[in-house]
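What follows is a single chain, given as structure tokens, in the form predicted alone.
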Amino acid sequence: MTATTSTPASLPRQLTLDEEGKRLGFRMTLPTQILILFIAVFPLLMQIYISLTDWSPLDGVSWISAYESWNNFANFVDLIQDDRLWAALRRTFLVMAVCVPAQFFLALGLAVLFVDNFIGKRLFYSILLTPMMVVPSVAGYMFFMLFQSGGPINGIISGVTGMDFAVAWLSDPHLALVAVMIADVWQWTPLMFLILLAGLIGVPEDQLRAATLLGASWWQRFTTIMLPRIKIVIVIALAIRVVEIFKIFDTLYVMTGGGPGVATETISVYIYKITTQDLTWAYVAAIALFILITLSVLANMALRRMGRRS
């Protein structure tokens, strides 16, 4: 007769405290993970699926059966050959190239001023943040009125120059986009100002005082201590505005509707028009996917570059 004994190898392995913590964390965040999966991943998969077909809601076919109109990547071939799309992208990049640097330097200058205390700082602070709180469509209407031929902008220029200045800003194909960019700079400089101010306030005062005691000038403190300290904050602020420029719509559409002609038709306005007028939803999905991939690649390159420098 032999006695049966259990070997240590047959016993379940005891989890370490770290492994137990990870399991608990996974269980606690599982509902949130499922929610994120539904909110972010499902629409993306649906967009990819639709972009590979010729599906349209007017066909009377549900989106689940869109595979019946599979087109072998024809939407992406059309996208490459779409001159109007590339023109809209060029305008978007032009707005980005003008507005983002203008907003950055204005915001940085204001943030440097607001780091120190001065009389009436709270009042000026509130006034400065007001444009950001205005609804974009309302801001668009405000600037639509300002840039009329007989509006305040022409009136001010006439008063300053002493000449009768009556330019039709929003009807001129060359000036309409300028008016839109002025409106964007007015409304979104405060956002970049807030981000940069938060970064400057976080710069250690002891380092600035030490540099002052060692005889460093304000410019030396600014370039050698303050700017390097807020480098990541600057990248984040620029990245936010670059992404937002691709979504500029309300203000622009109220001011010009993308016109005259297509003079101010940026990528978001172009997508809106072909979505609501042409109803080519599958093609729109392909364009949106293309822009998403492009922006993701650019953002990833910027973050990698930032990481290496950090």
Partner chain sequence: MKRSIAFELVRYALILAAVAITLVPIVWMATMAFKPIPEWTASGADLTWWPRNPTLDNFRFVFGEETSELIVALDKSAIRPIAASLLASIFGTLIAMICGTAAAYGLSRFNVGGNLPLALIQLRLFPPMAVMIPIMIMWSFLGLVDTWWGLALVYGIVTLPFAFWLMKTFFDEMPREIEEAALVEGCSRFRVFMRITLPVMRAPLASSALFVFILNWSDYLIGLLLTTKEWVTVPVYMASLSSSMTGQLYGAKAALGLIAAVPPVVLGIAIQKYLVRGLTFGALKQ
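Positions refer to the first chain, counted from 1. Small disclaimer: the values here were computed from a predicted structure and weren't measured. Just so we're on the same page, rigid core means the largest C-alpha set that superposes within 1.5 Å between forms.
The same protein also has a form predicted in complex with its partner chain, omitted here; what follows describes it.
Highlighted residues G21, T29 and A299: every one comes within 4.5 Å of its partner chain in the predicted bound form, counting any heavy atom. Only one of 80-88, 67-75, 172-180, 114-122 places residue heavy atoms within 4.5 angstroms of its partner chain in the predicted bound form, namely 114-122.
For the options A102, L128, L227, V167, the one in contact with its partner chain in the predicted bound form, meaning a heavy atom within 4.5 Å, is L128. Using a 4.5 angstroms limit between non-hydrogen atoms, D54 is distant from its partner chain in the predicted bound form. Of the heavy atoms in Q207, none are within 4.5 Å of its partner chain in the predicted bound form. The closest non-hydrogen atom of F93 lies beyond 4.5 Å of its partner chain in the predicted bound form. Although the partner is absent here, T264 sits far enough away that none of its heavy atoms falls within 4.5 Å of its partner chain in the predicted bound form.
Of the residues in 237-255, those that come within 4.5 Å of its partner chain in the predicted bound form through at least one heavy atom are, in sequence order, I240, V243, E244, F246, K247, F249, D250, Y253, V254.
I50 is among the residues whose C-alpha shifts by 2 Å or more between this form and the one not shown once the rigid core is aligned. Once both forms are overlaid on the rigid core, the distance between the two CA positions of A263 between this form and the one not shown is under 2 angstroms. Relative to the superposed core, V243 undergoes a C-alpha shift smaller than 2 Å between this form and the one not shown.
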